[in-house]
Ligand SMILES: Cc1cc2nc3c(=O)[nH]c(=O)nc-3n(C[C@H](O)[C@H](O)[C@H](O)COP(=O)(O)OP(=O)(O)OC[C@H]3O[C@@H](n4cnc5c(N)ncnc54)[C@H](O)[C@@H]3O)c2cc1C
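So this first bit is one chain, no partners, the form predicted on its own, shown in structure tokens.
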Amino acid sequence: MPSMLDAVVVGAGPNGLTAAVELARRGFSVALFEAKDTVGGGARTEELTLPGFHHDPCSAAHPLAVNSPAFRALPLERYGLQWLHPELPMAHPFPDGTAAVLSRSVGETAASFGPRDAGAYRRLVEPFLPKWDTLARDFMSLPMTALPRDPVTLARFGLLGLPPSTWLTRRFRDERARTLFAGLVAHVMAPLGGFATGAIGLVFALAAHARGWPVARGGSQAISDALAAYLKDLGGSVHTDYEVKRLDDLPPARAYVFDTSPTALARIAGFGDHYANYRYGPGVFKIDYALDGPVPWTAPQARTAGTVQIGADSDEIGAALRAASREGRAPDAPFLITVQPGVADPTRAPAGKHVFWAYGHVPNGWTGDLTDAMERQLERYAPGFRDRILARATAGPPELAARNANYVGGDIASGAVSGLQLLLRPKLSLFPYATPHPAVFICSSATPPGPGVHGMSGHNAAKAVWRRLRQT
């Protein structure tokens, strides 16, 4: 290691890895330090239940990763990353045994909503699809890291997306479309009536139509491993089992980049109460299952979908979000996001067996057990589900925070995705990756564009870093 590095990155989640790669690609000397014994952050794979069952402790399906401008510019396939697509990206079953779907095809998706809303859905998404790649880059590069390449399309998207999602769904006449769209918004644990929640739903829908919601072959760890391998080939170094408690724990460098929570950064760098007003959102209660066969969904469409949303209607979904985010209690009927990787990747479990992943929203720091409520919900749509369970591994907010220090209080979004904090995070600033110290930067999901495995927060932060390094 040279006596003075150009950049040190702390935290080997997708954003820290991406920041390190982007700097190394531009010829800077980079070292990355991770407290855990493997890289990955929110993109890991572990045997959580039984031998041979490979679970993703956090992110499992990857609509944002496969559409990420940062990842698409990197040769990650050369380092073992392979995307596998289920027949359907997502299904949303209903109590009557039918389902609405989010398909690669706009027409198939629209038809699943019924004749009264098919046209409205087409008119909503079809104008953006031909310009999706440019729109995704503009949307995920905000704020001032790059000028918009297509400001007109971005402005049109903003007019639809910046109001609450409940405004956008007024164009739908029936509940099927409203419910599926409400579930899309709930992926980031945002109240349905919040600012810019319409944009969240639109991004997930457009991502599915553009490139699907795939899983990584072998597990989400493949994404992190590919980034780490590429970084090493570029000359960067990776140091695991290295916990950083203060800046003096790190080697000399011209810049320090933190893929950590704002709370941790303030503690390590001595920033005092600089991020005292940063808000953390609801936590999640997550269960990983080893199953003796596929989930016995009543709706046929759910059996072929990689992701399955569980919520009877938009009112039930909205009530679950309010309970967790505003009322300080676990919902009686939790909204569930579930992923069944085995429909696309049979390597995740022994022959004939399956891994299955589900979580529901709970208050930040909640210490209860949501297992029974979640399994009652699953039994509504997949009778006999409990009979398929071989083993389960549960993780509430305390366990999630212990596994990943960025998930403060079990908040897997690394900060509330509501109000102005959805776009302006971790502080109200045009330069969100900068900190009070000119050589210290933050690149975690607490910065724009926010949560998800996409690496764009790391990519955007790296731009700010290399501009400083060139100046100095």
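The first residue of the sequence shown is number 1, and the count goes up from there. Source: prediction; values computed, not measured.
The next section is about a form of this same protein that is not shown, the form predicted in complex with the ligand.
Using a 4.5 Å cutoff between non-hydrogen atoms, S59 counts as a contact of the ligand in the predicted complex.
G42 belongs to the set of residues with a heavy atom inside 4.5 Å of the ligand in the predicted complex.
The ligand in the predicted complex is approached by T260, whose closest heavy atom lies within 4.5 angstroms of it. The closest heavy atom approach of V453 to the ligand in the predicted complex falls within 4.5 Å.
Judged by heavy atoms within 4.5 Å of the ligand in the predicted complex, the contact stretch among the candidates 341-349, 114-122, 397-405, 92-100 is 397-405. Exactly one listed residue, out of K286, R211, R178, H354, brings a non-hydrogen atom to within 4.5 Å of the ligand in the predicted complex: K286.
A heavy atom within 4.5 Å of the ligand in the predicted complex is found for exactly one of L154, L234, I268, L160: I268.
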